[in-house]
Ligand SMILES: CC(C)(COP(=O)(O)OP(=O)(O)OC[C@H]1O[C@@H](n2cnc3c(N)ncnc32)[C@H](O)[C@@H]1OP(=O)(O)O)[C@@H](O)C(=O)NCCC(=O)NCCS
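Encoded as structure tokens, the following chain is the form predicted on its own, with no partner shown.
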Amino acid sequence: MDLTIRPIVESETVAFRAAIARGFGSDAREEGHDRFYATLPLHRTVGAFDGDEIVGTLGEFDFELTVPGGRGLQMAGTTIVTVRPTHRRRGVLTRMMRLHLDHAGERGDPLAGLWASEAAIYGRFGFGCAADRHDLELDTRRTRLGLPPDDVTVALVDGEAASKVIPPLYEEVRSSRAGMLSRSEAWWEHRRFYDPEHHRGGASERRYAIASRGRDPVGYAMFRQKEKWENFLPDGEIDIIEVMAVDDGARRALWHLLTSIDLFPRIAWWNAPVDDPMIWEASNRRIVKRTTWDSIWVCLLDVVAALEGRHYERDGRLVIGLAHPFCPWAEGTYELTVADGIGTCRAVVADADIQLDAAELGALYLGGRSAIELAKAGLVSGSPDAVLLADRIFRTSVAPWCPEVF
């Protein structure tokens, strides 16, 4: 098999999109071409060609990822990864990832990130599962939330009004939690506000709720309604797409609206933060069903830039021995020194306090994982004191959360 791995050109876009769709079990739609060009430049695509046929696809979005402390670092958002079933187990994915991560490293991106369609694939390339999400369900007939604050009002608005208010609100919230992604104007237009009927799964068009304190917007919710009746009784569902709030008062006001819509007692949110305090506001917490799944996976391509780019909640000095077999330029021993929450990092020749692979460093990076748990699993080695220090240095008080799949 004579494979060619390279970015696609414009004349190959239709075939490339068809290959992506087949890989995920669907069909490409003609109207998707403009959206494709707007969010994924051709130079950020990777196609695997067997002769003239596209047998593998990969792309990368240009994101800033919010890291602990609120700073945004450049991240290559790995996406649309497929390999034709006739070409599996032939190194197609490895060669595409090689070109992809080499280009990201040469460009100077300190991070790459992805959502894994299959969780067993990406660890060997240096990606570690850095955040979780809750698939959340509750029935408001069996529990209720507290009353909203008096100083916050909530209004339902149309898409045009929402498009003016929501993006700046999102930017205000984005710095408060690691794992959140930057959104360009094209991303808002073609991903967040794009709402064709075939995306709705039998539910309504998107609804938009804006929470305000006085004249100032302080939060928003996006959701759909799905009508249902059982034995002539209302059993409709509110499908939450996104809830963002600048403070807890705004968050409680939005939750009160979502759980108070007549005829729609069932609430579902496929991607809620794992530390959303709503659970403590429910009168019967046992009714709130939460299933934990992984979300964003992270790979450190420039270890020094990545470790110096985030904030830390515990000071200390740690020498990290890092194995990074797929990105050999990142492998080595690094001294991380944190003073007043600011990290400085340098490559050193020294005995490591802890030893770990790139996937485990990626898992720890956003602050949502425990080095102690990873050590118990045999994935981090070092003395108990060193592992404890690593746990305290990397952990954050706010859980990371990536509010959308890409």
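Numbers follow the displayed sequence, beginning with 1. Everything numeric in this text was worked out from a predicted model, so none of it was measured.
What comes next is about the form predicted in complex with the ligand, which does not appear here.
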(request) State yes only if every one of 81, 92 and 124 has a non-hydrogen atom within 4.5 Å of the ligand in the predicted bound form; otherwise state no. (result) yes
(request) Go through 153-161, 99-107, 82-90, 315-323 and give me the stretch that gets within 4.5 Å of the ligand in the predicted bound form, heavy atoms only. (result) 82-90
(request) Please pick, from 115, 270, 293, 194, the one residue with any non-hydrogen atom lying within 4.5 angstroms of the ligand in the predicted bound form. (result) 115
(message) So in the predicted bound form, is the ligand close enough to residue 147 to count as touching (4.5 Å, heavy atoms)?
(response) no
(message) With the partner left out here, check for me: in the predicted bound form, does some heavy atom of residue 23 sit within 4.5 Å of the ligand?
(response) yes
(request) Tell me, yes or no, whether residue 120 is in contact with the ligand in the predicted bound form, where a contact means a heavy atom of each within 4.5 Å. (result) yes
